[in-house]
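Next comes just one chain, in structure tokens: the form predicted alone.
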């Protein structure tokens, strides 16, 4: 059991926020073992509560994982909103989106380990759908700025989807990029610089011809 959860989770419980403590324990467990290593009994053990407590609050494993996924999307939406606030330039705004997305994923790997796992969460949950849409709309609005500034005929839906896929791809590949670069003799590029380079290429591809 991690030292953090020896103190933080019981404190949260005694202050009446057991659901938050259970989500935190779940995120830690998913970070360590991946989504398939998750179990309600282990979450309860880490939180220092009865093994029946998670089911009492969330119904079942899918309910708890869905709650963690919702929290993850909320964290992402907040990070994207904060990163892009006050930025008018399309390229700078898209770069800020990319950096905020990757940094949030790296800061909360347990949440990102489940937010897209539709076989493990309830994809019909309205709160999950709305939280995901809230995060997506920040990117959509950014791509709309690209359209307004650089290409009035830009397909915003397609461009936003591709940009989201690219950012998630960087999250998945981040730990492997240095290994690949060294094995191929390519330049090892810091992740922030790589995001900026990628954004530059993306922006050029979106410009009106």
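What you see is a predicted model, and the numbers here were worked out from it, not measured in a lab. Residue numbers count along the first chain shown, from 1.
Below: the form predicted together with a further copy of the same chain, not depicted.
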Residue among 44, 162, 55, 150 with a heavy atom within 4.5 Å of a further copy of the same chain in the predicted complex: 162
4.5 Å heavy atom contact, residue 120 to a further copy of the same chain in the predicted complex: yes
Close approach of residue 129 to a further copy of the same chain in the predicted complex, 4.5 Å, heavy atom: yes
is_contact(residue 73, a further copy of the same chain) in the predicted complex, heavy atom dist at most 4.5 Å: yes
4.5 angstroms heavy atom contact with a further copy of the same chain in the predicted complex for residue 194: yes
Those residues of 26-58 which, in the predicted complex, come within 4.5 Å of a further copy of the same chain by heavy atom: 33, 34, 35, 36, 37
